[in-house]
Structures are given as structure tokens and as C-alpha cells.
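In C-alpha cells, one chain follows: the form predicted on its own.
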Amino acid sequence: MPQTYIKELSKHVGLSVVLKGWVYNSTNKGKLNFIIIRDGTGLCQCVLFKPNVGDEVFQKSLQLTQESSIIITGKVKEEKRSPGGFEVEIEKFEIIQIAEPYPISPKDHGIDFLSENRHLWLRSSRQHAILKIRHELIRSMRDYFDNNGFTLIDGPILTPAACEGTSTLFETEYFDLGKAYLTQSSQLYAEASAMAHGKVYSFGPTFRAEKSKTRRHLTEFWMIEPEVAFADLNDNMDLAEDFLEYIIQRTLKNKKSELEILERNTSFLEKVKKPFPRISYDDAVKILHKKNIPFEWGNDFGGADETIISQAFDRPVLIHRYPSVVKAFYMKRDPENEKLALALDVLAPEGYGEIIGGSQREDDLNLLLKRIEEHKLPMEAFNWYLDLRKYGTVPHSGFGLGLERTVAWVCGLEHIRESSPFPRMIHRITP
């Protein structure tokens, strides 16, 4: 008999099935042993009745510990009191392994202990729900771009130069060719790809060597980065709005049960619908000043600043036209004010901060040369990038969305570490 998954039990009521999984919990009541098992798709209560299986099998079932692996054959029936609404009356029972005492018990554990045991912590219902939501967000992101004429073209992970300087990059020796760096963004390569395909996106791991211990930072995270030829800042903001609405509303629709497990208040997520408020950097500074925050014009917003700004709105807010001094060399200047860059950030509500950063790119060769010199970047590392402005340059724009920050926001997580299956932070590289 083929294996049936718990999520499919509704199709097998009255029939015998084979379930393969792990013991989540078990309770003995005389001649009855109630075993809740999980198989990665859900939880199901399975009932072992001693007269049906005999004394030997029943006694073996009493040895089961949490996370013991088993195979069960039994008949499915509806039972509203059971997890998932179905129950299996056990007819045949096989033990694969009796697990050793499980270190993660129902009692409270400190975050350090749970992080050390991340490989086991993943099995908890909360962590399981988070990673299911992460998966749905990834699928929705890919589907959005795939269904809107974008071509997936990923950039390299090892690069000869940085997008924004090398002060926060991981450095390594690259054979006889000198230094190489773990990528902090595929953007420059996405620009080259956009000149060939028009609309592209990349999706992969990125690395930042910032010595930051905030709840919003990881040293390794995934980023999805669209780039569009013949697109200006307004087109970029339109794309960011449409993209965010799609992925959030789809995740709300498809992952209701997981959000319920997390006890997530979805009222803010339900409001993630166009149009989003759009404010200039100047307007954002005014919001801080009204709250008596001594913020100096020309600085970049910190996490606390972003939280205060986002609290003024009930949905994501787009902030545009930042001071050029705090933005990267490739960002185009505002033709109406040379001190401003045509940059874009999207802040999530509820204090989750920046989830999107992007801009219109500088398409003028001479101005780009000037910016590279101003930022004291190695010109030879950007020769290929400068070619894009020599052979068919056009206005173009793009952005990057951090997956883990988005997962943290959607799930309502206090710390970003739970949004990654195996998070990497400045003080942790295990398991």
C-alpha cells in the first residue's frame, strides 16, 4: 500500500492508509494509546486499541518517545477533536527507531539553547509554519516575475568588486587573480542582463559583513532583484507596489492555517493594497521632527527612525529622493536637485523597517565615471559595467527585496533569525 500524507486524509475517509512519520506526542489510557504523529504535512491522532493489535504490539507502542520514527497502517475517520479533523484507527504498527530523550521539551528554553539546536528546533509547529510561509513567499515572488515577462538571470556569488565599496564584504583570495568578494547584490549584473532581455530578475544568497547585532540583520540572506530597461523612478515605484501587493495577498490566501499557528494579527497585511503612500525623504524627515526626533538632514535613516516613520501609515510606505551622499555611486541624480538621488526605499508597517531598496540607475557614461572617482572605487573593476553606457544606454531602474525581512514582517517575528532555516549572524555560524 502506497504512503499517504496527512494533508491528504480527507480523500481517504473510510479507507485504510499508510502513514510514515514521527511521534509528536502520545498518551496512554488503559487499553488505548493515542499517538499524534507528524509527517511534514500536518499532525494526525492515531489510536491504538489493544484488543485489535495484541499485547506484544501494544506494549511496544508504550515505549515510544517524542520524535520516534514509525509507520502506521490504519483506517481513516473524521474526528473534529483530532488535529487536522481526522483520526486513524491503527491496524498495523511498525517502529523504525525509538528516539533518544528529545532535548527540546514543552518547557520554555532560552534562545541560545534553541539556536544551538536549530537543526531540531525546525521540527516545532511554530518553526514549521514560518518556513512554510517562507516557501509560499518565494513561490509567489518567482511566479509574479515569471508571469509578467521577466527572465530569471542570476548573478555570480564571487565578484571582483563591490556595488557599494568593500567595507562590509567578505573577502577571499581568488587563485592568482587577487581578491574576490562574496556578493552583496546581483544588481550590476542584472543591469547587464536587462540590456539584453529588457526585464530580468535575479534571486539568490547575498552576504553583508556588517558588525550589526540588531533584530533586522543577518550576514547571509536571500534577495530578489528585478531590473527593467526603459524604466524611471516612477515606473520602479509602480513595480514595487504591484509586486508587494501580489505576494502578500497570495500568502494571506494560501497560508491561513500557518498564520493562525503563529497567532498572527493579519489586519495590517490585509491592507497591503495599492496605492501605497509615497513621500519624499524631506517629508519623512518632517515626520521625525514632529515626533521631536533630533534627526539631521542628510543622514540615512536608522532602524528606530524607520519604525517611527512607518508607524504614521497603515500599509507599506515608499520613500523617494534621498540625499545622494548616503546613496551608492550608480544611483541617478534628480535633474531638478543635484543633491538628491532618484532612490527608493519601501518600509513595512508595524516597525519592520526597510524591505525594499532601489533606484533609477545612472545611464550617462561621463556622470558614472565621475561618481566612481568620487567614491574612490577601482575603475578597472567596472570596465565591463561602463560598457553598458557605451553600447545602447537607456534609462533603467530596479530594486532589491530582502526575503528574510519580508518573512519576519509577514510572520510577525520579533527577530529575523527565525525567518531563515539556518541563520548566520556575527556571533553564530552553527549549526
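So that there is no doubt, residue numbering starts at 1 and follows the sequence shown. Because the structure is predicted, anything quoted here is derived from the model rather than measured. In this text, the rigid core denotes the largest set of C-alpha atoms whose superposition between the two forms falls within 1.5 Å.
The same protein has a further form, the form predicted in complex with the RNA, not shown here; the description that follows concerns it.
Next on the checklist: Only one of these stretches, 173-181, 256-264, 151-159, 353-361, has heavy atoms within 4.5 Å of the RNA in the predicted bound form; which one is it?
Outcome noted: That would be 353-361.
Checklist entry - Among 298, 110, 335, 85, which has at least one heavy atom within 4.5 Å of the RNA in the predicted bound form? => result That would be 110.
Next on the checklist: Looking at 92, 217, 250, 278 here, can you tell me which has any non-hydrogen atom within 4.5 angstroms of the RNA in the predicted bound form?
Outcome noted: Result of the distance check: 217.
Item to check | Contact test in the predicted bound form: residue 16 vs the RNA, heavy atoms, 4.5 Å | outcome: Heavy-atom contact with the RNA at 4.5 Å: absent for residue 16.
Item to check | Close approach of residue 75 to the RNA in the predicted bound form, 4.5 Å, heavy atom | outcome: Although the RNA is absent here, residue 75 would stay clear of it in the predicted bound form, with no heavy atoms inside 4.5 Å.
Checklist entry - residue 144 near the RNA in the predicted bound form, any heavy atom under 4.5 Å? => result Residue 144: no contact with the RNA in the predicted bound form.
Checklist entry - in the predicted bound form, does residue 405 have a heavy atom within 4.5 Å of the RNA? => result It does: once the RNA is placed as it appears in the predicted bound form, residue 405 has a heavy atom within 4.5 Å of it.
Checklist entry - Looking in the predicted bound form, is the RNA within 4.5 Å of a heavy atom from each of 30, 79 and 221? => result Looking in the predicted bound form, the three residues 30, 79 and 221 all sit within 4.5 Å of the RNA (heavy atoms).
Checklist entry - What residues of 31-49, in sequence order, lie within 4.5 Å of the RNA in the predicted bound form by heavy atom? => result The stretch 31-49, when checked against the RNA in the predicted bound form, contributes 31, 32, 34, 45, 49 at the 4.5 Å heavy-atom cut-off.
Checklist entry - After a core superposition, would you say residue 386 shifts its C-alpha by at least 2 Å between the shown form and the other one? => result Not so; residue 386 is displaced by less than 2 Å.
Item to check | Exceeds or equals 2 Å, Cα of residue 50 between the shown form and the other one, core fit | outcome: Shift at residue 50: 2 Å or more after core fit.
Checklist entry - Does residue 32 show a Cα shift reaching 2 Å between the shown form and the other one after rigid-core superposition? => result True for residue 32: a C-alpha shift of 2 Å or more.
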